[in-house]
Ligand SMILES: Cc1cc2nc3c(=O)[nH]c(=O)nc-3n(C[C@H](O)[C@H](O)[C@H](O)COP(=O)(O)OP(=O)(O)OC[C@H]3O[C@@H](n4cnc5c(N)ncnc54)[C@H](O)[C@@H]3O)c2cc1C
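Only one chain is shown below, in structure tokens, and it's the form predicted on its own.
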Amino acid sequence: MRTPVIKDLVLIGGGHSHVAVLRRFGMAPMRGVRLTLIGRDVLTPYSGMLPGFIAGHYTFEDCHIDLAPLAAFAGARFYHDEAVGIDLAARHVLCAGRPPVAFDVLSLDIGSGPNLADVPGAAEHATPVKPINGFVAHWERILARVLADDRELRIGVVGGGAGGVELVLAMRHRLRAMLTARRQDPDRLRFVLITAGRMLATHSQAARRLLLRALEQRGVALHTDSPVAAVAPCLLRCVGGQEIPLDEILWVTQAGAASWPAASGLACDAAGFVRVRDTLQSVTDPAIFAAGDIAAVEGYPRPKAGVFAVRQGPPLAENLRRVLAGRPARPFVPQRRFLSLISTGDACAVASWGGLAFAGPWLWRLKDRIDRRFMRRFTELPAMPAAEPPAPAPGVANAPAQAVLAAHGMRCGGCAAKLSSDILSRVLARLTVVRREEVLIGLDAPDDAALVLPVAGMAQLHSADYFRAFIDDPYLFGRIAATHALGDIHAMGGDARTALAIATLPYGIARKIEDDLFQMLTGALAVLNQAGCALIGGHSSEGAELALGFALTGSVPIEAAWRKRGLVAGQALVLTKPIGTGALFAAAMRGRARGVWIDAALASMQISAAAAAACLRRFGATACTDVTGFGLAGHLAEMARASGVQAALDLASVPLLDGAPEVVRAGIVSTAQAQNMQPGDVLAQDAAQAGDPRFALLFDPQTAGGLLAGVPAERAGACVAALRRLGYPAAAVIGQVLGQITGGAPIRILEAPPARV
């Protein structure tokens, strides 16, 4: 049996310190500790390689850490959301798009951003370089602008620290090389660096002299002692009255802090950075840590540089472990001097160490080697750790934790496995359930059973779905489980009316079970309420894994109910969502799926089928089903056999989720793939078709998949266009219904050669 969750460690932000924490917890998990990462971005940039990316030496993937597989390696739940506050009394992290997240120990590593608020017009007319992911999108627009316009372009960088110097030199190198390769005039580009004081004020005179020479040699105009007073469209106004016309204004000034840590009650310095002791613990609360740019270590003022965040990772991980185990944290002393390698854009760099400075291509090669080695630590992960951490050694866990582990050694079955009435009462009191007039007795007045009036003149629909969690986020799992269950009602052309929930919660202490149940039902109710479906009761129990299902009732006029057997020869086959969820999540379990793939799949799985069903009806659909566990081929074969027809599929037209073909090519498929490949269901025309990854994905089991319908061929194009306008961007005509089946496979693949994927 898995160890029950005793303590929750929550990390906010995927910065340089936290990626080190994740790796270390993955290498040595703590028994009874549940790790959760809340991150605004799935891909976290490594700031040390950003200038190389801008200069064109690195790809986007080279300089970004994929947090999803790293979190999976650490055994952490990854919540793709933005933290907006902390409730210190309730011990909750407040998020922008989900219920509050409970914590016992909390750590912040959310970085910083240039402070635009103090300069009028800067927020409206300048582009901050941090957060980096936002700047990357703007950089792509600059690249496109340079190619699209042959006029002179003036690009200015505000900020004379190492970041500003590197950025202006990197942009110059990339843009001039791009224009030269296209035989355009690179001299129409002008680059300007503006700084309030002297350039590189925290570096030695020797380093400053080398980089001044680099700027002069490359024709970068430098304005020192020119604090910006205001920013207007395409114009900087400096304090002394000087005006600098610019077409692009990029902001790399002194870092500013997010406002919510101070607003939450954490002690912060005058600039808004969280004040922490030399243990990285907040001076406000010893269970809250901060590292990286957001932290201000008392007694050790340091510039906001990635090198300090990287160095704080190991001591932060160690002190988190110590506090979780009930032991005192250890102080650490940040280094006073560090090697700074400042790139000059063209595969050269300047090294600054104390009062010494050197320059040359060999320093770029050294920097490249250091940066790539750092990235490999988080992209080339060792084999996934065992699911169950080893038992704690004496002294590692505190006495209360040992007692909890002992108390959860044996769990009862039968009705004794039910969750306590106290837990249920507290959770239900926090939920908002849609009301329907036909529900006479529901959750507002719980009884032994719900009491519901039939809907006059309507046939009743009954459906049930239940499955164990395939993601570690109970809120998202609740949303997807409800969306999946509702799909059966929508596929019959009906309206969902009531739902009974069946929930299984992993063994644990009461407050952890209560929080998981609340998160899961909150997600489910967000979907059920939107569908007008009233949750009227259900059953909950303890078990080995998180699981959720629903028994649904719906209604439909008997003559309007869709059946699988309604396909008609000559119809077009319309699919509303892409396929590939089974293969992608099988890859995710092995740490082989990119975070952006999983993020896109989760987004697709949360799209309700309700609007799609209404659209299909408007365009004359006569048969419909939802594509779920038997895969596209299995569900289409059911429809074809029931209708007595043969269906033809065009592999090139079947929409696929990003990454699905890649993971199938790597040999990763769902465990249900083999049982879905029923002999005689699909006839491939040749071996090439049968070997195409898209062919394999026809049998991939889907969770919360799309609707598959037969639509009159002459209306299919307009139907797909309408579906896309309604929020189903991958909707497509994927084949046609042929004549009556006379034997053989109910599905065949069209003979056109498959397109490359």
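From 1 onward, residues are counted along the sequence shown. Bear in mind the structure is a predicted one, so any value in this text is a computation, not a measurement.
The same protein has a further form, the form predicted together with this ligand, not shown here; the description that follows concerns it.
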Quick one: from 68, 38, 730, 55, grab the residue that has a heavy atom within 4.5 Å of this ligand in the model of the complex.
38
What is the one choice in 499, 609, 110, 640 with a heavy atom within 4.5 Å of this ligand in the model of the complex?
110
For the spot marked by 493, 534 and 537, is every residue within 4.5 Å of this ligand in the model of the complex through some heavy atom?
no
Which of 657 to 665, 446 to 454, 237 to 245, 74 to 82 lies within 4.5 Å of this ligand in the model of the complex, heavy atoms considered? The stretch 74 to 82
Would you please decide whether residue 163 lies within 4.5 angstroms of this ligand in the model of the complex, comparing each non-hydrogen atom pair?
yes
Whether residue 44 contacts this ligand in the model of the complex should be assessed with a 4.5 Å heavy atom distance threshold; does it?
yes
Distance check, residue 156 to this ligand in the model of the complex, heavy atom within 4.5 Å:
no
Residue-level question: is residue 174 within 4.5 Å of this ligand in the model of the complex, judged on heavy atoms?
no
Restricting to 13 to 42, the residues within 4.5 Å of this ligand in the model of the complex through any heavy atom are 13, 14, 15, 16, 17, 38, 39, 40, 41
